Ligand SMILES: O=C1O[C@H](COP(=O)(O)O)[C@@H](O)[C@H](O)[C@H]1O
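Form predicted alone, single chain, as structure tokens, below.
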Amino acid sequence: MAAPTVKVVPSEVEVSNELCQLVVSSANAAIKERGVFTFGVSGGSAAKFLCNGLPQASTDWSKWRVFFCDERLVPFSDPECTYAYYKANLLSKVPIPEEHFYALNPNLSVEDAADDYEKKLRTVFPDGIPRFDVLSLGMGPDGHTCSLFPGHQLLKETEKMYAPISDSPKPPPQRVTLTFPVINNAACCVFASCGAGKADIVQQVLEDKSDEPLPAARVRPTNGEVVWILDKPAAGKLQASL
């Protein structure tokens, strides 16, 4: 379980560039080695960074298999739908087969949607705990990641790969999320955060040693790496010399 690698760059543009370079280099290495690249995506600023940078990438898009680290159970027409954002801003620009970009079924109950999405995951990872090549994770101002919130019972989930949540503290309340056994089995987890508004929570996640670490601080792959890509304002309160 390696300590986080922290990369600090001058601006948001460089954060986006660094994130996309990491993803594409990982993709091309995985495709060369195994013929497939497995990738988990999130919403928020990470989605914006990926959709801005990935369309310029040189890669075999037909080999990408993309899942959501978490997704809101809303119709595809809802502005809160993360899949709809990627469809408009990435799938429309790169030749990833749409069937390889796995969407949550918004017509099911949240419990059934989680079960259905786990079945989709099993088409790519038939056995054992899935091992993603890269998970692009976001972090909220409360230190949550995916839809795993501080103090929530899902922090202790060990059986499900994708779990339903009906009481998200952040709306919309119904979501489906990866759980920590899958997150911490990834080869690489990467966070990308920008702005002085993130400085306090970045410092807390990376440097606080409390007995109850925030969800984002619990991302520590057992046989992989966790990388934080920060602009200077987001890294502004870190005590460690970088």
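Keep in mind the model is a prediction, meaning the values are calculated, not measured. Quick note: we count residues from 1 along the sequence shown, nothing fancier.
What follows is about the form predicted together with the ligand, which we do not show.
With the partner omitted here, the residue from 38, 42, 185, 174 that has a non-hydrogen atom within 4.5 angstroms of the ligand in the model of the complex is 42. Judged by heavy atoms within 4.5 Å of the ligand in the model of the complex, the contact stretch among the candidates 156 to 164, 110 to 118, 135 to 143, 90 to 98 is 135 to 143. Proximity of residue 198 to the ligand in the model of the complex falls within the 4.5 Å heavy atom cutoff. Contact between residue 152 and the ligand in the model of the complex is not found at the 4.5 Å heavy atom cutoff.
Contact annotation for residue 131: none of its heavy atoms lies within 4.5 Å of the ligand in the model of the complex. Along 64 to 80, residues 70, 72 each place a heavy atom within 4.5 Å of the ligand in the model of the complex.
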